[in-house]
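Only one chain comes next, encoded as structure tokens, the form predicted alone.
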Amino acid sequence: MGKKLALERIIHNQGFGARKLCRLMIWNQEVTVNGQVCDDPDAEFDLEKLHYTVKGEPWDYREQSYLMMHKPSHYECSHKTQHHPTIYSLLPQPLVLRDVQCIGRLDEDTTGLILISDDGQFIHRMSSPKHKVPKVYEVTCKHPVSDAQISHLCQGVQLIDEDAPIAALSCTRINEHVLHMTLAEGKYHQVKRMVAAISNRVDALKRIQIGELVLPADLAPGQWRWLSETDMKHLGALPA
């Protein structure tokens, strides 16, 4: 048998509101556990492979949250937005109440793969510069990109306010306007500034890979899903 917790505490920990509200929902028979209605807030359950519903919506018990999202354009990666909706409005409210955070922000006009979690160690592991987790961006440029410009990006370009040139880990031309650029840093507007430094301009920017985790083709803009064990291995967060 694994760890056990009272149902009220389980529902509260999973982001369904204050303890008093959780107790009330259980009394009102709005919670089922492993297919059975439970109206006793103090009933204890084994957390391993615990399936429950709240007001008819199915959930699995998760000690911590690990998500991926296909960020759409015109959404901001902030709880306090200025001009556009927040990406957190695309998540179920219980996850927002668990205080999940996006790992590395994408600009409002940048789309693609973003990770979201409430695990501080995981957030640090994925975002800290010292770990140098590579990220691949699909960059659509306004003007055709020459071999010399690609070489310049890989050798390093000098950006304003930076002490030393910054280089892409790799840069592959998909067609004359589209590049796949791999970076291990996440400086402010880095891709756009690097492309500007080669006398070009970014028309569209999409993050397509973090570590070995590729943005799934079936994950549409605005959709999210839980990270699987395989996904976590691709991110280097679990042993291979």
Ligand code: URA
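Start at 1 with the first residue shown and count on from there. All values derive from a computational prediction rather than experimental measurement.
What comes next is about the form predicted in complex with uracil, which does not appear here.
Uracil in the model of the complex comes within 4.5 Å of no heavy atom belonging to I198. Taking the partner from elsewhere, F122 is found to have every heavy atom lying beyond 4.5 Å of uracil in the model of the complex. Taking the partner from elsewhere, V31 is found to have every heavy atom lying beyond 4.5 Å of uracil in the model of the complex.
Contact check for D107: a heavy atom falls within 4.5 Å of uracil in the model of the complex. Not one of F16, C22 and V54 places a heavy atom within 4.5 Å of uracil in the model of the complex.
The stretch that touches uracil in the model of the complex, counting heavy atoms within 4.5 Å, is 184-192, out of 209-217, 35-43, 184-192, 59-67.
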